[in-house]
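What follows is a single chain, given as structure tokens, in the form predicted alone.
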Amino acid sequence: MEVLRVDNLTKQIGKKTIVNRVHMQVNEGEVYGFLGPNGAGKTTTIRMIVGLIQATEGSVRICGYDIGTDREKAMKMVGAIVENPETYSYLSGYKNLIHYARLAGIPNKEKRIKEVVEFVKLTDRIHDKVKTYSLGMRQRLGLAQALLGKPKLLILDEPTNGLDPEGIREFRGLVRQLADQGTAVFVSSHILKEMEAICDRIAIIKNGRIVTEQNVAKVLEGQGQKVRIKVDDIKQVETFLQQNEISYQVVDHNTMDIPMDESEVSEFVRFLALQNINLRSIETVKDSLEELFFTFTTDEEGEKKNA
């Protein structure tokens, strides 16, 4: 079932086009990743989806409701954490949730609060003041708040910013559990390894346009294998590879990637030795979502944009 549909979404400020004719669809039970370099239009797109800013052109439909003509019905289907969760630090987590449940008109609010608090694993600390919470706990409280209205669509903008590895893993587990229960999750993050681990599909935006949309499982299954080598003199290796018409990609001043099957590695090492090339290390690696990201966000001069 289609939960979010974005058609021809465009945002212009003056003569500058920030988001340019974006199309996306997110389905029930799916985690959909939204990636792009800084300034690519990610946050502007999200703010239009949740109705914080008005689109110049195009439409956003949530469970069939257009946010332009049926805003109230559409927004009842949405829970969101955009940037940092808004909480009152001098109140307890419970009183924060009571406040937001009242604002949202949540029926049986005490029962629903108990359910979301148990889900995000804050039961033992929910009556403590938020100012005593760790960053991870604040993020989980923000998630509890976003879930109060039993949303069909959960939108998360950089939800793991600042979290330690344990906090990231916990948050990832909660998001995956929500998707397994049928919630459509739209998540933007710059942590590509996390997106790789959690997302079913991803879209990459660059200069306001969607440049690719991919099934993550197919990306990981279909990418080729390569070797990553570190050497003392990378120019010497480049000359050797160019003479033998072997493709490669320079990673840094002494590291490069070379597409190659594992069966070819031993022979390649012997070739390097015959050329008196000092090999510091060699490992076989497979392409990842990170490789896909840089493939689609590299500018024409070959310089990589920041994620």
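Since the model is a prediction, treat every value here as computed from it, not as a measurement. Numbers for residues come from their place in the sequence shown, where the first is 1.
Quick note: we don't show the form predicted in complex with a small molecule, though the next part is all about it.
J.: Here the chain is shown alone; which of H190, K109, H99, K129 has a heavy atom within 4.5 Å of the small molecule in the predicted bound form?
T.: Only one listed residue qualifies here, and that residue is H190.
J.: Find the only residue in P259, G58, G29, G39 having a heavy atom within 4.5 Å of the small molecule in the predicted bound form.
T.: Residue within 4.5 Å of the partner: G39.
J.: Mark I13 yes when one of its heavy atoms lies within 4.5 Å of a heavy atom of the small molecule in the predicted bound form, and no otherwise.
T.: Heavy-atom contact with the small molecule at 4.5 Å: present for I13.
J.: Answer yes if any heavy atom of E158 is within 4.5 Å of a heavy atom of the small molecule in the predicted bound form; otherwise answer no.
T.: Heavy-atom contact with the small molecule at 4.5 Å: present for E158.
J.: Can I18 be called a contact residue for the small molecule in the predicted bound form at 4.5 Å between heavy atoms?
T.: Close contact exists here: in the predicted bound form, I18 approaches the small molecule to within 4.5 Å, heavy atoms only.
J.: With the partner removed from view, which of 238-246, 64-72, 31-39, 277-285 is the stretch that lies within 4.5 Å of the small molecule in the predicted bound form, judged by heavy atom distances?
T.: In short, 31-39.
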